[in-house]
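Coming up, as structure tokens: structure 1 and structure 2, two forms of one and the same protein chain.
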Structure 1
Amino acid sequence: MLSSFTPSFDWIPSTLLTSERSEAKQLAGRLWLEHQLPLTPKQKHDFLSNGLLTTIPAMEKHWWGWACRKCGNKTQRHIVPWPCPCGNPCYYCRVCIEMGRITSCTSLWLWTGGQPVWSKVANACTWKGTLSRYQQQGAEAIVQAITEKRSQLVWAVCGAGKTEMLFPGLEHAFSLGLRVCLATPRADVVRELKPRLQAAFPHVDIVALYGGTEDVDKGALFVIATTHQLMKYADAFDVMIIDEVDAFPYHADRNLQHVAKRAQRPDSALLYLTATPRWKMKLLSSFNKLPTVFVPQRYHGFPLPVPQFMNSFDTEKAIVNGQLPFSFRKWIITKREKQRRVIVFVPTINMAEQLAPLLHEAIFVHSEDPEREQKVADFRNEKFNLLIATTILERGVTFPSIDVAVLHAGHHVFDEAALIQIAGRAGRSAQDPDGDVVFFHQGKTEAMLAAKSEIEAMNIRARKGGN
């Protein structure tokens, strides 16, 4: 019975009225805890009395247990008792604890004073670049989806220029006074997108939300956020863009998918962007259940680098013994002789830590590295020429003129999507489009073969005109 429970949004107050009040833009579309509200105690009291704010229980009680309205969690092992100051038996949700403790005695505060009227921004885009033929096709599909308020999959290869493809659609949305959210699973992607989008739309209020950000959403027209940050929103956005929709943790986390849906307004447009859609999305696309536009070529018109397979049966033993694997050592020497910049992807943090001392002047980054942001910036600014990374950098970050190696490419962490994305880090510059990609392996896996086949198929599709 529990598995059949689907959290609904019936508890979210809705109104067709609009409001010109200054507080509406800041407060509407959010799920507030009382201490988070940017209001004085008197304002809270007055707004509640006048129906501008309403409170609802933060958790739902069912015969089988509790469900959290903030994040959609219904897994009971993540809803646990705690000694609440209220004195009554209380439970709290562990899934969204970083967004503020949600307990069975907590209330969520929602704005019910009318939908804000967002300012229309004409000719918002100042970018003067030119889209390629395939990019233009993608951009037109995006504009049409926003106009028709429907879903759209943009299946675009790594390096296709998805961000630039969004520009006409974003400009169209802002000209209509539509509020937009671009959500992505990775904080690194949010940090990279904010300055690029702010430069293209200098007159649009943009905030970037992720763990540790200094930005605060005080009613921004354009929100760039990690998908976790969507736990704060409900009925907020006229256009929802999910970038890297197949990426971890979003694709495997029903709670994140739930809050992304909740953050959209009922008549919103929903855009999915990815180079590597998962099989369910491919199935919907193949049966015409999800409108899809293909962008099979990079913005500069050159084909995707096809990965080479190279045997490296001594990888783990050599690294443990403080030596570089033989075939990899020959490859890296060649790259240094040619003064090439290189990213080496490894499957585990432990391997990254063991490999770094064996490579002169190399730095390594991983998901738990507190200096990750600075190290990535240093590599981008060419302070280092060799970067060792786990899959945390497999997607969403762009470095010009690099070659890519994957050590122990047959490891289970390197699935088809990860390998395609990793290969997509190479050859992204129009001045250096032929980046080298090598999978060092101890036996070819289905994921390796599928990744190479998919890259070759996209190159063929591009040569045939996208069909």
Structure 2
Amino acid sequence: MLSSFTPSFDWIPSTLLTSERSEAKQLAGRLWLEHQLPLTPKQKHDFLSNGLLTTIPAMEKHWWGWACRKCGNKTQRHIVPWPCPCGNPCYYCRVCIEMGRITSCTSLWLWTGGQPVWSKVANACTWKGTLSRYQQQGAEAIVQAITEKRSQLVWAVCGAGKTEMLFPGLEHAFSLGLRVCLATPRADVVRELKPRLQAAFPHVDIVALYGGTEDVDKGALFVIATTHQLMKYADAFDVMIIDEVDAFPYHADRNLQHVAKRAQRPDSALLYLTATPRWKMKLLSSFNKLPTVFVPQRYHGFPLPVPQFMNSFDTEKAIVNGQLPFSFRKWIITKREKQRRVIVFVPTINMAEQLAPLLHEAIFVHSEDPEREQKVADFRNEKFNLLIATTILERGVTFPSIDVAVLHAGHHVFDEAALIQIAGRAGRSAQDPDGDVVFFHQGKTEAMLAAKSEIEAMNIRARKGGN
């Protein structure tokens, strides 16, 4: 009985037979709702009667309750009764409702007309740059994992140049006619990656899927998507790459992990990319359960900036009283004199609001800020030299030449991963590789110490020549 708690995908009709039909590419590998199918009513009827399409119930009834097959949800408070027009006792799933309501009387439509045959694209990569020694090591491991259809962790420091590192593996996959998905928890990463990857692979059909996207997957060989979008897929991809595997919400969301697994074909390669793996993945890695390649150096070859700790016992008090904390004030004045551009990370929106008026010409952004994108763009275009941010900017967003301060670095929002990511914002360009990173604290925390030793360990690994 307990086995019903472990994810099972045996309801997905899988076949090794191939199909040359033109619809196969678009329809296969998906979980369709009837009204979302790009077919006429007659086509639907015909495909159903000749077995090209199959319908299956969208929810599973177990002795312990319902499970939603679309999103993998099994938490019963998210599966609620409602007066459905079907007239029977009926339930719907609230977790995946943004992607079309799934009820216990809904059917999922699956393509059962055979696996599509993807055309092979030889020499797909037109990028002419060169990889650093460490990027090369990472790239080779990725190619090998794809060939051997296995899992691989790519533990690459912030600024390692992981996108370029993927190019040889992607080229290899496309040359074999393998369908690839690059999934990430963050929509802004999807938006940023699409043009870069399309430029490097001009002859590969690529779609970018995220909430509010205009792209439609009509059977693209390469899908770049938020992990949420994987709710639409089942048994689809020969290569699954999960970027920023440790980021919110993926790392803590069992449903997203479930759908990511479901989106993979049985014989597929699975690549995890991260600069800050969570403890579970670190554990698997250290016990050799998960093959791991380290990319301990940035693409420009300079070491990671190691954070300095600076005591700032008066941080909270000073800011509440409308003053800059003493040591931070000294630091920021020297930055002003040297005309350095600075990002100041603070733990709470509240502190950001109080700090902003104390610093001249500073802007602040937080996660719910509707003008967030505009403000980040303004900072990038050097309209401002000082940006105050809550932890949302810890990942992804990069600026070429900045210094970084963390105020109240001992606050619980700054866990080890967040601090490593924050430190990773500095020194990103080859012209200015030595960014200054300071953690202003009121007592060192485990997380601060762990972040620092992790960064130092990576620098040592880089000096020694990697793995």
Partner chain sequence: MHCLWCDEELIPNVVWSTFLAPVKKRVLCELCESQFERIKGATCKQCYRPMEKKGVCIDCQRWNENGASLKRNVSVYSYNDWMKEVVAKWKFRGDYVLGNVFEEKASEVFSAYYKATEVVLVPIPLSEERLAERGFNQALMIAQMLHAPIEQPLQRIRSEKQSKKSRQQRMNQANPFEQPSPFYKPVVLIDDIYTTGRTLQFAAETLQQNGCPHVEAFTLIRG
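What we label the rigid core is the largest C-alpha set whose atoms superpose within 1.5 Å from one form to the other. Remember, predicted model here, so these are calculated numbers, not experimental data. Start at 1 and count along the sequence of structure 1; that gives the residue numbers used here.
Where the criterion is the form predicted in complex with its partner chain, structure 2 meets it and its counterpart does not. Panel note: of P296, G113, L166, L355, the residue at the hinge between moving rigid parts between structure 1 and structure 2 is P296; all others are over 12 positions away. Relative to the larger rigid part, the smaller one turns by 10 degrees between structure 1 and structure 2, according to C-alpha superpositions. In the core-superposed comparison between structure 1 and structure 2, the CA atom of F328 travels 4.3 Å.
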